[in-house]
Ligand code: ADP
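First, one chain by itself: the form predicted on its own, in structure tokens.
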Amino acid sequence: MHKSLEQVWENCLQLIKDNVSPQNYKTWFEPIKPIKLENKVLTIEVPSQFVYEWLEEHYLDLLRKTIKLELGVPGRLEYSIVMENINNSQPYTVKFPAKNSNSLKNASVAMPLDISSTIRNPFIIPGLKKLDVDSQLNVSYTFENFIEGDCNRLARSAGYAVAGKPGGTSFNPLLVYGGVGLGKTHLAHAIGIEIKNSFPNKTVLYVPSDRFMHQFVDSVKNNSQNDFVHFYQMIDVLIIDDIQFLAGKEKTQDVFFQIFNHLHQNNKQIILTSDKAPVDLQGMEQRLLSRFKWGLSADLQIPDLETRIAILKKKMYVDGIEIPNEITEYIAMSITSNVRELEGALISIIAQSSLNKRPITLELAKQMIDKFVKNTVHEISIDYIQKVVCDYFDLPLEVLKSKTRKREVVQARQLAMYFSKSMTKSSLSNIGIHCGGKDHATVLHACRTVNNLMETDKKFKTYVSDIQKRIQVHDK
């Protein structure tokens, strides 16, 4: 009595179930469909080339043994792979390997197969293999150049642990958060570089969140979302910088959730940076926030005086510059906000000395620091703008973010939106989220209303001028 196609595949699945974890079974084997059994050759349909390659890389021996037990020694397995045709939204089936997958739909071969990845890579030309992915890491951002202090000890130690055992610690994901210029990006790159040095075969990728979003949008336009997802699912260590910019981007969050789950389930390391702790990230889906909390969230704080001095001395050592201690200490005491400004002040003093052929003295340092502090544009946050506006009108912040339509509250809310658009780099949707969950059209309307009122209402124009001065006082 001959077994039916369904019976053969069901028997195979029972054997596979006994040899893999429930999660891996659900991810890799449940989506497979048996489509033909002929002359001891079982043909199965897998949902993508990526799944095919994963099966070949991780479950080849298991599949061979299973087929042999079920169909005997002559038993063979062939794949039918569902590929997306770029010129046609309908998927079609192709059996590998095929010299031209768009035209040869019936070429088939028994396993094992040997093909190169043709998944579209957003960073390099299509067709290169996984190991050819450029990590996008900045080689100057190393652990050696990252000065440790009380302000960053936890984050640095966790980062070093992750670099020594990517995907194998409880710090997965590792989320590093803190204000502007405190070293989030530097630390993220340092972890990636250390992993690349210790584990050359691991694929490490650093990507800013805005680039991730643009790539996703392009994949939607090109009808290549599957390629986009599969590319990111192949990465061993994924580093995404400024995750807060995904706020309000529902579709991008959906696809990132899909990628995050796959990587985490397969013990791949995820490293994220943010300007806020997970609990303060607005406009982010709860299911993502809950996953951010699975690992470790470590903050970077403003460096203390000793750490600021150490940072300056390290910078001078790397650049081969010598400056008297009293000047180094003066710079460190004068610039307290962040590392980026600290190094910027040092560069300004060195440049002034070099251009004018003047020795670096304490007097020169004082002159340059005064100019530097006055001319430095500090990054203003939406939260700070809202605080200034609420203080000006003596309103509680929660009222500004509420749904009330009282005239004075609506006016304050519109002013907060107006200044957020003109004085921050935030998107309209992100501004709307911070102002009580409004959409981008509401923010645009608020900005137009403020501009119109400034032209017709002198009292309102005074409000705008006063609030702007208050914000800029903080900014200097």
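Please read these numbers as outputs of a predicted model, since none were measured by experiment. Throughout, we count residues from 1 along the sequence that is shown.
The same protein also has a form predicted in complex with adenosine-5'-diphosphate, omitted here; what follows describes it.
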query	finding
adenosine-5'-diphosphate in the predicted complex: contacting segment from 160-168, 190-198, 353-361, 333-341, heavy atom within 4.5 Å	333-341
Any non-hydrogen atom of Gly181 within 4.5 angstroms of adenosine-5'-diphosphate in the predicted complex	yes
Residue contact check: Thr252 to adenosine-5'-diphosphate in the predicted complex, 4.5 Å heavy atom	no
Partner contact for Asn152 in the predicted complex: adenosine-5'-diphosphate, 4.5 angstroms, heavy atom	yes
is_contact(Phe216, adenosine-5'-diphosphate) in the predicted complex, heavy atom dist at most 4.5 Å	no
Contact residue in the predicted complex, chosen from Tyr384, Phe146, Phe292, Phe245 - any heavy atom within 4.5 Å of adenosine-5'-diphosphate	Phe146
Listed residue that, although adenosine-5'-diphosphate is not shown, lies within 4.5 Å of it in the predicted complex (heavy atoms), from Ser135, Thr328, Ser297, Thr185	Thr185
Contacts with adenosine-5'-diphosphate in the predicted complex, stretch 306-322 (heavy atom within 4.5 Å)	Ile311
